[in-house]
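Form predicted alone, single chain, as structure tokens, below.
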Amino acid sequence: MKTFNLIIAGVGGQGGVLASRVFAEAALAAGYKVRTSETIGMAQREGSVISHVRVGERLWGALIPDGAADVLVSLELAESLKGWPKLAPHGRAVINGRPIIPPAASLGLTRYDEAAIVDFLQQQGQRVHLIDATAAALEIGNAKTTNMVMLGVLSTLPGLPVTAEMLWQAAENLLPSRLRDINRLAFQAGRRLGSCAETAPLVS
């Protein structure tokens, strides 16, 4: 298998690092070599967190070069733009459309142009799957399961090196027992969201 590159972007507290660990553990269980890395900026204060997951046989480094990611998963709307340069021309993006307004924007020190971001993403056509994963998580009962909703959506994309069953097994192994049931519901909700969307296959 050629190298599969996954970027997971978000802000501190959204569980992006856990999501990357779930994918990495699933790929390891499937028999692949895996390399991971995180770029974390003030993660405890809703700063950017970008996780790199590389899966394959020949992996020369943990960081994904620009233009080389097969899939970008963004847990927050604006963070998708920070991860976008990593996405390959053939790549797909799964993006949570719910914004988290940074303190600087709330104070009027900078601008959070939600409409412009959404417009850009909609112009990308079928390669972008824009959903409100936070709404799905809240419907289940806990916004902190947004990361698992996103993994569920991710699991519906064609061309992944792991199956949905492998992803959930890895999540189950990593989650405390008291959190497994609600996260299973979140993962299943994401699967339903992903199945309802038209998706173009990944091609190299």
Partner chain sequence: MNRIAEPPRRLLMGNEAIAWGAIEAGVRVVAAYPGTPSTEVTEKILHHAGEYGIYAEWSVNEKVALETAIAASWTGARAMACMKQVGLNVASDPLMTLAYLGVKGGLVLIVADDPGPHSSQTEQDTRLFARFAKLPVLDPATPEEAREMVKAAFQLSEDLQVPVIVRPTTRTAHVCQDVAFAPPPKPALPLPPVRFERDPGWVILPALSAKRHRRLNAIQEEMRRWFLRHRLNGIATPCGEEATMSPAPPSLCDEATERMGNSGDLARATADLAIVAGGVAYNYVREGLDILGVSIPVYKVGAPVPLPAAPIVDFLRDKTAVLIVEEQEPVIEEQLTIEAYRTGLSLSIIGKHSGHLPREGEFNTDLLLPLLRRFVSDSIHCHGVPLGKGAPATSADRVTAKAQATPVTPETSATTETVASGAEMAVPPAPPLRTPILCAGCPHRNSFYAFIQAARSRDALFTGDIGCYTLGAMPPLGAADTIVCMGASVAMAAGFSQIEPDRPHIAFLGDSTFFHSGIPPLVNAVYQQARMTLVVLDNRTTAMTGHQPHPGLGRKGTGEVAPTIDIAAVARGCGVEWVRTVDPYDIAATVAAAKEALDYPGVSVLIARRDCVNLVRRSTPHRIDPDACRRCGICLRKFGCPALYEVKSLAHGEGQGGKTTVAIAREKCFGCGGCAQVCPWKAISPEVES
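Positions refer to the first chain, counted from 1. This is a predicted model, so every value here is computed, not measured.
What comes next is about the form predicted in complex with its partner chain, which is not displayed.
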Non-hydrogen atom contact residue 184 with its partner chain in the model of the complex at 4.5 angstroms: no
Contact test in the model of the complex: residue 21 vs its partner chain, heavy atoms, 4.5 Å: yes
Exercise: residue 170 in contact with its partner chain in the model of the complex, heavy atom 4.5 Å: no
Contact of residue 37 with its partner chain in the model of the complex (heavy atom, 4.5 Å): yes
In the model of the complex, residues of 133 to 151 near its partner chain [heavy atom within 4.5 Å]: 134, 138, 143, 144
